[in-house]
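One chain is shown next in structure tokens, namely the form predicted alone.
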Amino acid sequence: MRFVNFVKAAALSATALWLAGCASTGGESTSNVDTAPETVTEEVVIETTPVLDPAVQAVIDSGDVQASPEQIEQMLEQKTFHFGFDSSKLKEDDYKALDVQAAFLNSREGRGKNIIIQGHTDERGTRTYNLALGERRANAVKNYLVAKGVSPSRIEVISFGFEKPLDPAHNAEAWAKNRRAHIVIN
């Protein structure tokens, strides 16, 4: 039994020496295989959708307005609506922007917001007349928003008449700028 153990031990030692000798060849490689790890690179393309302003997304989600996100954003930024001389009638171009404002105010994003509509006039006419005209202009915007489903309790109307001109000049160009209703969202 001792002899068998000796033979096993000798065989194991010889195998170990042989393996050790194969591993150290003096720095020369005996194979043509490159032992450096291979780096694999892949091009990964990630498609993302742009993150929209929550107000723009709310208008899109409402389905009430058919326009591009850029157009909706531009109409949401429009807070001033101009009027003709001695008029409180909204212009045709204003309706789509007011539709966007209404869709936002009726959305989950805009439901908690109240608005103030400020009515303004140019300097021509009496103070009393211009206060009444400024109020009619602000009410024209309010009535349109209410017709589109915005609660009247969320809308306050103020008339400044000619007291707060946008352009203080005394000419037709300035007067056209000053005849307006302006929305302030709280």
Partner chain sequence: MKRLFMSVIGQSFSVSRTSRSRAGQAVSGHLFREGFLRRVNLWMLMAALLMTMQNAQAILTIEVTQGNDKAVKVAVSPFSWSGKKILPEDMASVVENDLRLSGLFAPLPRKDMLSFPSGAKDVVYRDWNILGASYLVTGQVKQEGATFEVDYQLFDIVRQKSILKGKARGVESQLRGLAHHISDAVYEKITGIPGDFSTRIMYVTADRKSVERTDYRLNYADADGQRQREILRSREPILSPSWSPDGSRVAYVSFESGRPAIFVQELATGKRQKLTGYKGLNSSPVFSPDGKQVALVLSKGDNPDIYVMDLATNKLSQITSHFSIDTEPDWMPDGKSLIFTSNRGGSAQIYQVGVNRLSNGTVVAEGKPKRLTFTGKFNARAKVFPDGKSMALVHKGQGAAEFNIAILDLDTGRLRLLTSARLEDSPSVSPGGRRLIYAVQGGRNGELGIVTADGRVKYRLPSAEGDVREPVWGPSLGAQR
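Positions refer to the first chain, counted from 1. Just so we're clear, the structure is a prediction, and the values are computed from it rather than from any experiment.
Keep in mind the form predicted together with the partner chain is missing from the figure; the text below concerns it.
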| item | value |
| --- | --- |
| Touches the partner chain in the model of the complex: G125 (any heavy atom, 4.5 Å) | yes |
| Residue contact check: I158 to the partner chain in the model of the complex, 4.5 Å heavy atom | yes |
| Partner proximity in the model of the complex: S62 to the partner chain, non-hydrogen atom cutoff 4.5 Å | no |
| Close approach of L145 to the partner chain in the model of the complex, 4.5 Å, heavy atom | no |
| Heavy atom distance at most 4.5 Å to the partner chain in the model of the complex, all of Y95, D99 and A138 | no |
| Those residues of 160-184 which, in the model of the complex, come within 4.5 Å of the partner chain by heavy atom | F160, F162, E163, K164, P165, L166, P168, H170, W175 |
